[in-house]
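What follows is a single chain, given as structure tokens, in the form predicted on its own.
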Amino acid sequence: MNYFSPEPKKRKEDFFDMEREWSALDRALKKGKMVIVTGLRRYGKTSLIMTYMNESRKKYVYLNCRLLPPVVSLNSFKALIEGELAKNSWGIRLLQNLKSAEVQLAGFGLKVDAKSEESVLRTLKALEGSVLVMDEAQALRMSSYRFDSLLAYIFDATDIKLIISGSEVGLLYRFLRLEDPEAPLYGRAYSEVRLNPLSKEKAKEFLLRGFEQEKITVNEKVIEDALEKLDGVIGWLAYFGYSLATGGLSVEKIYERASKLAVDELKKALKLYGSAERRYSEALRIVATLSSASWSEIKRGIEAKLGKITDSTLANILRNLTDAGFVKKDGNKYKVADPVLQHGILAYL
């Protein structure tokens, strides 16, 4: 594997320039029980976590919560855990032991009143001494079951360490409610490791070293163009490098494919808003067109196209787009968070 490989990294030698984040994650896990890893899509969160877990040789279970159904049930969560455990020998042994032995739950203060919940709790108790990674954990908010209560139980009643990750940072924190005195996780100590785009200098180094690994020479202008258009987002830089190295596509075609991929992901997310989808799409078009748009500019643009919109409705739209990581607020202006997505919105939304 090399820098441009499309899969999440699992070896430190394939992992580019995240020593600071690596050290922060290491310190947080050694000192505490819960670490939250955040950053927008394609910032390298999964690669950081998977590389750290594999290099540290800790026992861990990795759950990609995006694999859960749109409405998450306790049974679907249980199936996800069991499916991951079945991928390795120690997990298979654990599942076999669970079938043949009772795991004591008494005294941990969580009422068990359903078979599915009891089964999940027994599995979690058997995972003591390991690390539970919950990637894209904001997906757990789409459930009638209180998964934040389950996380509080894991924190309080087990010897499991938690890594909770999400690219929809606002939604993740809205789900966890760590600062809400009425929420189950309130008062639990945690550390945050936040990932950011590469600087232009580091992004250029990443591309040059990646092309060196591929044993190809790329024109300096092509590299400078990529740095301008991809803005240090390591996932897009790797996509660009991989596409160029494997051949068959022009530079412009690579950019277009990346933009279509980004906007396809956006369209799937916007469908969740039902009849309000048109307003969300129009807000994004306005922000993308202006590059940096104020509240009043967004409101005027929506009303010119779709009719009157209340301040509270617009506030909800912008909060949801920001929480989902599609838009970011810079002072009193809104911008599309991802330059590739911005082009995709203008061309394909």
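What you are looking at is a predicted structure, and each value in this text was computed from that prediction instead of being measured. We number the residues from 1 along the sequence you see.
Beyond the structure shown, there is the form predicted in complex with a small molecule, which is absent from this document and is the topic of what follows.
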Legend entry - 4.5 angstroms heavy atom contact with the small molecule in the predicted complex for Ala24: no
Legend entry - in the predicted complex, Lys33 touching the small molecule (heavy atom, 4.5 Å): no
Inset, instruction - Answer with yes or no whether Leu40 is in contact with the small molecule in the predicted complex, where contact means some heavy atom within 4.5 Å. - result: yes
Inset, instruction - Report yes if any heavy atom of Ala238 sits within 4.5 Å of a heavy atom of the small molecule in the predicted complex; otherwise report no. - result: yes
Legend entry - Partner-proximal stretch of 228-236, 82-90, 252-260, 214-222 relative to the small molecule in the predicted complex, 4.5 angstroms, heavy atom: 228-236
